[in-house]
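This document opens with one chain alone, in C-alpha cells, the form predicted on its own.
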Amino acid sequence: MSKIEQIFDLQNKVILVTGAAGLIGSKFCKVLAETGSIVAVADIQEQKTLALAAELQNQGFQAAGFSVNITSPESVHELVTQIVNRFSRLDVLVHCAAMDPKFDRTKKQEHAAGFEDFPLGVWQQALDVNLTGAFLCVQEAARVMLKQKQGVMVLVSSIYGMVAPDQRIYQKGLFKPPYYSVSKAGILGLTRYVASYYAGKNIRINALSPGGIYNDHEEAFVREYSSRTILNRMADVSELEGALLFLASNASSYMTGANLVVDGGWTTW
C-alpha cells in the first residue's frame, strides 16, 4: 500500500451514516462501502434504509441497515448500541440527517410563508431534527469514542450556514425557510464546540459545507443558482466524495473544528 493509500485508508473502519436514505447520505454510504469500510446505514425511512444496505451487501460490500429517529435519545442510543454490539466499535460518524426543503414542483406550498408568518410548529420540528438530532448523535458517538480513545466525526452543514440564502434566485413568492440557515449555522457551532471540548482526547470533528447540488431542479432555478457560482454550475453529488474521504480518514489528521467548503466558489464573492 502506498503512502497516499495509507493516509486515505478506511478499510474495515466502522462508519455510521445518518440520513442515509437522502441524496447525500446514500451517495456517502456507497463511496464509503467502496473503500472497504463497514457501513452502518441509518435513517428514519426504514424501507429505503434496509434496501440500500441490502443493495450494498449484494454488491459484496460490508453494510447493515438500521432504523433510527434522531430526535429521540432512546432511539439514537439503541442505534449506537446495536452497532457496537455487532461490530465492537464505532470509528467514524458521518451525520447527514436533516430536514432540507427542496424547491420542486410538488413542494412549492412549503415555501410560500414569509418570515413574519413562518409557522412556529415547522420551526420547532426542524430544529428538533437538524440541531437536536445532531447533538444526540454526536453525544452518543462521543461516549463510544471516549472509551475507544479515538474517533472521527463529520457533520454536514451547508453554505447557508455561512451566508444567508439569496432569496432572489427562488421563484416569486417562494422562500428558503429560516430554519435551514439557522440550523446549519448551529451545526458549525456544534462542530467547533465539540472539537474544543474533546481537546487531547483523540476525537476529531469537522464540518462539510456543500453548495447547491443538482437534484432534478427546475431549469430556471438551475440557471439562477449557477450564475452565482464561480464555476457557473450546480454540483453533482459525487463531487462531495473526495471531501468526505479526506475528512473521514487520516488524510485530515491535523484538522479539527474546521469547516470544509465545497461550493463552486459561491461564498468567494
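Counting begins at 1, following the sequence as shown. Quantities reported herein were computed from a predicted structural model and do not represent experimental measurements.
Below, we refer to the form predicted together with a small molecule, which is not included among the displayed structures.
- The stretch among 65-73, 51-59, 30-38, 197-205 whose residues place heavy atoms within 4.5 Å of the small molecule in the predicted bound form is 65-73.
- Though the small molecule is absent from this view, in the predicted bound form it lies within 4.5 Å of a heavy atom of just one residue from Val154, Val138, Val129, Ile83, which is Val129.
- In the predicted bound form, none of the heavy atoms of Leu190 sits within 4.5 Å of a heavy atom of the small molecule.
- At a distance threshold of 4.5 angstroms between non-hydrogen atoms, Gln45 is in contact with the small molecule in the predicted bound form.
- Not displayed here, the small molecule is kept clear of Val222 by more than 4.5 Å at the level of heavy atoms in the predicted bound form.
- Interface membership of Ile24, defined by any non-hydrogen atom within 4.5 Å of the small molecule in the predicted bound form, is confirmed.
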